[in-house]
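Read the single chain below, which is given as structure tokens and is the form predicted alone.
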Amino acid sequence: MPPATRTRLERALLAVCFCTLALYPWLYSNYLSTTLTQWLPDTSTAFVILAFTVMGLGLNFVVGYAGLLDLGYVAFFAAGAYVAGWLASEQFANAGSVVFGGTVLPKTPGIHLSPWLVLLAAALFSALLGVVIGVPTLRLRGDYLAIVTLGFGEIIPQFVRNGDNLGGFNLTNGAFGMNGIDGLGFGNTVHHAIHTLPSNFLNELDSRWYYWTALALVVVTIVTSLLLRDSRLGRAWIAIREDEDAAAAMGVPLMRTKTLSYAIGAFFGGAAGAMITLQAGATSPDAFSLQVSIFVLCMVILGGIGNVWGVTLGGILLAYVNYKGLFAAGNTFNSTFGTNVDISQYAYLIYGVAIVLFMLVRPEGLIPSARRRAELVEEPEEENVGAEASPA
């Protein structure tokens, strides 16, 4: 197939996929929910799937582009979640009332900023945290880097768990977490006008609104990934990933370049964490375990390290299996064979076996980058260096 034709087909397929995702809430409600409801996620579940896909794409900046093994990515998820709690709830009610574009009535205790400002603030705070963590951490390499990032990933949840009495100040509300966090909206006037609508219509509208916001964030993350991949910074990341010493010899500033990958990845991880918290209306330290970091890392590996479309596909598929597909398969199995097996008890066993088998069959991922495919699949060409014909 000619390259030009192939490019047009890929763009057409991409446009169809995006339109399908954009129309999914309407398709689900009108055509799909009656026949495929057991296997297809509802709009709220699809929102969570897209939010975790954003985290997978964010981690791809660190692992896929710069080649830095990060086992503590959940720290940025937690940072974004708690910034959302600080800026959109009654957590700091003792400080008075600060309402600026929030979805609550004026003079409501606590800080209630516009949720769009909250998303931006959470992302920027997470990026700053990425710089703070990255500066002392990214001087290490390989296994040492993985161990240190793992440590930071464990420190953050413990900090928020014990942050209810920092010199007499309640920062995180401890193990109870924070509740009553505001949702998305356009100021209290529009928000309360919308909430006068019938409850069934309102619930459907809210879930669709969150879904479309998550989809827009996925698009922004993909576009940012593609632009940075082909930029001078992206080429510097790839140089570091391939050979750090050679990159330094060619004049690539290692610490600054690696810290930028860490900060950009943290930016999108924090945005996803804030968005999930705004949708749930609450956050808790129990949600920020090591399993989240491993789960997001599996998205990158299974999708195809360094490939934006591969990570997107891997994130959607793995999050779907985790939040819908596995339980749908369990229900189908029980209804078919008349059993009563709780599939959730074997979830991690199934994940482990599936990941091992997938890595054995296709170690390069679902949609690998050209470089990754060349490393793991294509056989190196045989070189006949200095070979001479034997005399007859």
Partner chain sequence: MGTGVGTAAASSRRPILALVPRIRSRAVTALGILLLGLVAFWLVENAVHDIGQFGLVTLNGITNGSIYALVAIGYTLVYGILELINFAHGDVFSWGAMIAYSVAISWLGADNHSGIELFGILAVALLCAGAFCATLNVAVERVAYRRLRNAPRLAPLITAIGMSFVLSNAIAVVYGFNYVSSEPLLSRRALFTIEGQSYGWDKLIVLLITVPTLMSLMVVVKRTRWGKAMRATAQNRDAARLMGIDVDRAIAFAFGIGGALAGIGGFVYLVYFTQGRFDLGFQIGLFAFTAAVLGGIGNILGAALGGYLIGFIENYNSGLTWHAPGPSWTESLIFILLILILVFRPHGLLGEELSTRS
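Numbering follows the first chain given and starts at 1. Rigid core here is just the name for the largest C-alpha set that superposes within 1.5 Å across the two forms. Since the structure is predicted, the reported quantities are computational estimates derived from the model, not experimental observations.
Note that the form predicted together with its partner chain isn't included here; everything after this is about it.
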Counting only non-hydrogen atoms, which stretch in 318-326, 93-101, 157-165, 271-279 is within 4.5 Å of its partner chain in the model of the complex? 157-165
Please tell me which of Val219, Leu117, Val132, Leu140 lies within 4.5 Å of its partner chain in the model of the complex, judged by heavy atoms. Leu140
Contacting member of Tyr346, Trp26, Phe333, Trp39, with respect to its partner chain in the model of the complex [4.5 Å, heavy atom]: Tyr346
Classify Ala175 as contacting or not contacting its partner chain in the model of the complex by the rule of any non-hydrogen atom within 4.5 angstroms, answering yes or no. no
Indicate whether Leu150 is a 4.5 Å heavy atom neighbour of its partner chain in the model of the complex. yes
Is Gln291 a contact residue for its partner chain in the model of the complex, using a 4.5 Å heavy atom cut-off? yes
With the cut-off set at 4.5 Å between non-hydrogen atoms, does Val341 touch its partner chain in the model of the complex? no
Decide if the three candidate residues Leu69, Tyr144 and Leu360 all line its partner chain in the model of the complex, where lining means a heavy atom within 4.5 Å. yes
Once the core is aligned, please say if the CA of Tyr346 is shifted by at least 2 angstroms between this form and the one not shown. yes
My question is whether Leu27 is one of the residues whose C-alpha shifts by 2 Å or more between this form and the one not shown, given a fit on the rigid core. no
For Tyr323, is the C-alpha shift between this form and the one not shown 2 Å or more after core superposition? no
